[in-house]
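As a starting point, one isolated chain is supplied in structure tokens, in the form predicted on its own.
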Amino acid sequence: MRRLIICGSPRALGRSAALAEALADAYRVQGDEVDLVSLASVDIASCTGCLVCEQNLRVHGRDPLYCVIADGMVRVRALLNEAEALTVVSPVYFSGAPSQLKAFFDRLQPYYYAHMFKSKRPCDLFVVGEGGDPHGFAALVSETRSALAVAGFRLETVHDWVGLIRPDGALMDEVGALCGGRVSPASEYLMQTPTGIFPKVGEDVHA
């Protein structure tokens, strides 16, 4: 299986990077072909909301994923398109994604209009942090699920590694990167809306 790992931390050498490297090694052991992208080392500008991508399918000969911003996102999109499975590793910043990861999520907007994928590929989220935030990280889960759904991925599992990685990158859970941490189905992270619980268990968001 060809797997892409995206490390969303702004720190090139930190807890998230250490977990991402450990995951890459574990996936390779089980036979996966792995690409690892650290957003700390990729120049991805913020989406400006210009909506040029909304016109892509109406312009003859234009790439359906065309974006007016020419930066590192071009290479990351190519890896996303080729991946059969995706793993996102991210620290928690005020319950959500750090700005580098959020910029990446927002730049997935062309996929929303392109409708490229008929079925969803599996995605896992590995959450990293020191712990102690009473507000948790449900926002990070919902941001990841929503953004990646338009790019053809279904967030299936959330691996909670908060408080389980030492500052030097050593994993405190000896079970290993793939099986360690507190693992839950993504469907457990639900939102209460005026019309009830969303998304419902098993519901394919952005289908």
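Treat the numbers as computed from the prediction; the structure is a model and nothing was measured. Numbering starts at 1 and follows the sequence shown.
There is another form of the same protein, the form predicted together with a small molecule; it is not shown, and what comes next is about it.
Participant: With heavy atoms only and a cut-off of 4.5 Å, decide whether residue 81 touches the small molecule in the model of the complex.
Facilitator: No, residue 81 sits far enough from the small molecule in the model of the complex that none of its heavy atoms falls within 4.5 Å.
Participant: Taking the small molecule as it sits in the model of the complex, is residue 128 near enough to touch it, meaning that at least one heavy atom pair lies within 4.5 angstroms?
Facilitator: Because a heavy atom of residue 128 falls inside 4.5 Å of the small molecule in the model of the complex, the answer is yes.
Participant: Can you check whether residue 93 is within 4.5 Å of the small molecule in the model of the complex, heavy atom basis?
Facilitator: Answer yes; at least one heavy atom of residue 93 falls within 4.5 Å of the small molecule in the model of the complex.
Participant: Report yes if any heavy atom of residue 149 sits within 4.5 Å of a heavy atom of the small molecule in the model of the complex; otherwise report no.
Facilitator: Output for residue 149 is no: heavy atoms all beyond 4.5 Å of the small molecule.
Participant: Only one of these stretches, 101-109, 67-75, 118-126, 131-139, has heavy atoms within 4.5 Å of the small molecule in the model of the complex; which one is it?
Facilitator: Partner-contacting stretch among the options: 131-139.
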